[in-house]
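The chain below stands alone and is given in structure tokens; this is the form predicted on its own.
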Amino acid sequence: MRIILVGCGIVGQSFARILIRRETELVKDYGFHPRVVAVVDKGGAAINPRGLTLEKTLSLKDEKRTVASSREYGHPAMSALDVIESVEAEAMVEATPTNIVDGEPGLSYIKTAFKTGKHVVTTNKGPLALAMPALVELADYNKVYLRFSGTVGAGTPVLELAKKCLLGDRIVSIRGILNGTTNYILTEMDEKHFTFQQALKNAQKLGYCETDPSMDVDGVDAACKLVIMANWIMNKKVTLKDVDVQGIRNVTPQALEEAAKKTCTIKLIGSINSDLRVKPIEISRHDPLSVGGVLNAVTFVSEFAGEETIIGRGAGGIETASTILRDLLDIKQNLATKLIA
């Protein structure tokens, strides 16, 4: 499978390292021969139709800050859209930063890949939060696959549990902790009696939170993930504007102390019932969702199996990159099944 990698930050580089590390096993265990024919970053592109040597590409990125610095394969003036349109490949991996204002440039990258017959694996929540129903339709129209496991739960297989492990059952509601940063902040406030600002400062020092924390603490990141789950798992046609969102800025140590008296705590919970909502609420300390630190936890309530909860780390470059490989293998298996049929 020929692959175009758009975005060579932490996730993109981690994905390349996984391919290097697992090359032999991928061929032996899955018959999967991934060949990265183009890599795009802010400085331009590196292109080799026969496949780039990923070790050299990563070294260039580290030393020169851009893959386009390659003397043999570098294209400093080439845009990602030009690469997607002109380079022959079966799949595009889109790992650019999330933009929830208009979804760009990831949204255009995904649409262009579809129109040129390429399957897409993305870790970018923005395009999906803003236009997921339209993107799913566009993928179907162009007879290509869209996969996005890394947008929810990072390496924790949240979407796979619901979509594959509960196959045949009907999920009637979902609730969960979908943002590790806010969970860390609330845990610090609960256990150490920190103020919101003190806990936020700690989260930023540890790298759990950006300088501008609004995506996390205002509940927007969790809302994006909720939209993806609602569309993919429960077949709702919703976007970010359909979510009632409330963040954690107004949660106080006093509110957590009052909750503790009732053997409860406060968590930022995203829920899908008749509506979609992200809100800090009291939950029992015995609830499976009462996890600490940067963990995520999601409870699926299904018609037959009842409640099933999955818990795991919800962030990290290598964890998120592992889902890209998982999605590519899923696409390969689907294509193989079609050929047999």
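Sequential numbering from 1, following the sequence displayed. Just so it is clear, the structure is predicted and the values come from calculations on it, not from any experiment.
Just so it is clear, the following notes concern the form predicted together with another copy of the chain, a form of the same protein that is not shown.
- Note on contacts: among H286, H33, K42, R65, the single residue with a heavy atom within 4.5 Å of another copy of the chain in the predicted bound form is H286.
- Interface residue among D218, E90, D242, E191, judged by heavy atoms within 4.5 Å of another copy of the chain in the predicted bound form: E191.
- Though the partner is left out of this view, L167 does reach within 4.5 Å of another copy of the chain in the predicted bound form, counting heavy atoms only.
- In the predicted bound form, at least one heavy atom of Q333 sits within 4.5 Å of a heavy atom of another copy of the chain.
- Shown alone here, I10 lies farther than 4.5 Å from another copy of the chain in the predicted bound form, counting heavy atoms only.
- By the criterion of a heavy atom within 4.5 Å, E55 is excluded from the residues contacting another copy of the chain in the predicted bound form.
- Proximity of I18, I310 and T337 to another copy of the chain in the predicted bound form is complete: all three residues have a non-hydrogen atom within 4.5 angstroms.
- Only one listed stretch (57-65, 299-307, 44-52, 274-282) carries heavy atoms within 4.5 Å of another copy of the chain in the predicted bound form, and that stretch is 299-307.
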